[in-house]
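Given as structure tokens, the chain that follows is alone and in the form predicted on its own.
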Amino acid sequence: MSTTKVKDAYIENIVNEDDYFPVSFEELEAEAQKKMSVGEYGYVRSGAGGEETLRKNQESFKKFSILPRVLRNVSNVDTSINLFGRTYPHPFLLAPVGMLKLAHEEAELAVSKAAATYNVPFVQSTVSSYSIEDVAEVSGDSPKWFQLYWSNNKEVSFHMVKRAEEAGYEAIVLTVDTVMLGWREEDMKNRFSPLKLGFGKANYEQDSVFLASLENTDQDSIIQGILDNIFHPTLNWDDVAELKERTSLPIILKGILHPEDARLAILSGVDGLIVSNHGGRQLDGVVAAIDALPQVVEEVNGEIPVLFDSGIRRGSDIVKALRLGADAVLIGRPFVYGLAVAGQTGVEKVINNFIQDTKVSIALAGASSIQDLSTIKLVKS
């Protein structure tokens, strides 16, 4: 159980701080821009196409208003959640974000250590700047999940999953909305491709099955091999079923928006879903993730956990997503900006701010636990 005296949360953020650290997402983004190159910042900040979906992800949260309750004794707030047989103290995870050396040299090492400080699960990307084993070494037995980008050579996929399992990772997140790269105009304008620059090669250059598939193992061949493998338009439900057979870890599909796909996922035996439109980075013009969430939750009807990703910027966003049926949420761009601003310390500050903001938001809504949020109404305008 994770409880707190809510009255302390605000005080912790304004007292005994030697240096000011950005609190709002907007400030954080602005400070990160100062630290990153034009290409690096553009890659992290931008969405696909005209960025309609990127904007909708945040704007759609504003359509939901919390109708709070009062006089309910919220002096202690329990924010713990249970997922796949494990209990975590806070209702959020750090989303998989690839190539974190774009933000800071210590990349996933810094992020995983920051997450470990608060026992928050870190979901490591396939296209990491450091490998599964590197991250496991520095973060110990803290909770970690591995996000899998399918490979055209599926034996590479299965071997990466095996490596994650052997390194103590707790779940596999298969991303299903990246069968090809979205139309990213910002990267085209900046002529910037971090994959081609080698920012996401660590897991591949330490994977024996991947290396064995190459004629040469020089850096150019490794990067070309990654590009040849990472986009996978043939990925289908049979592959999901085979992946399920090849590991004992829970399989969570990330990128579900349609309730019929949620039903097919259950029929395929997956263990959980993440409602997500990839932060607006894949297909522009699709539904905001928060608008898709209620229909998926209704279809799943409690059979497996439903997590939420895309557009979380504040504690009140987390409250809204949980009230709409999410079992947990994932946070992406905010922690990347924290990494860019101040490395591991910056990520820790972002996590701590989310912890405090979420607890305060739950309490002011009139709830004392995640489960208690079911008694709080949302009004949609």
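One rule holds for the numbers: they count along the sequence shown, beginning at 1. Computed from a predicted model, the values in this text were never measured in an experiment.
Keep in mind that the form predicted in complex with a small molecule is missing from the display, and what follows is about it.
In the predicted complex, none of the heavy atoms of Val319 sits within 4.5 Å of a heavy atom of the small molecule. Not displayed here, the small molecule is approached by Tyr149 to within 4.5 Å at the level of heavy atoms in the predicted complex. When the small molecule is considered in the predicted complex, His278 lines it closely, a heavy atom lying within 4.5 Å. Within this chain, Phe64 is remote from the site of the small molecule in the predicted complex, having no heavy atom within 4.5 Å. Residues of just one listed stretch (155-163, 210-218, 141-149, 69-77) have heavy atoms within 4.5 Å of the small molecule in the predicted complex: 141-149. Comment: the small molecule is not present in this chain, but in the predicted complex one of Pro121, Pro96, Gly225, Pro305 has a heavy atom within 4.5 Å of it, namely Pro96. For the residues Arg333, Arg314, Lys349, Lys56, the 4.5 Å heavy atom test against the small molecule in the predicted complex is passed only by Arg333.
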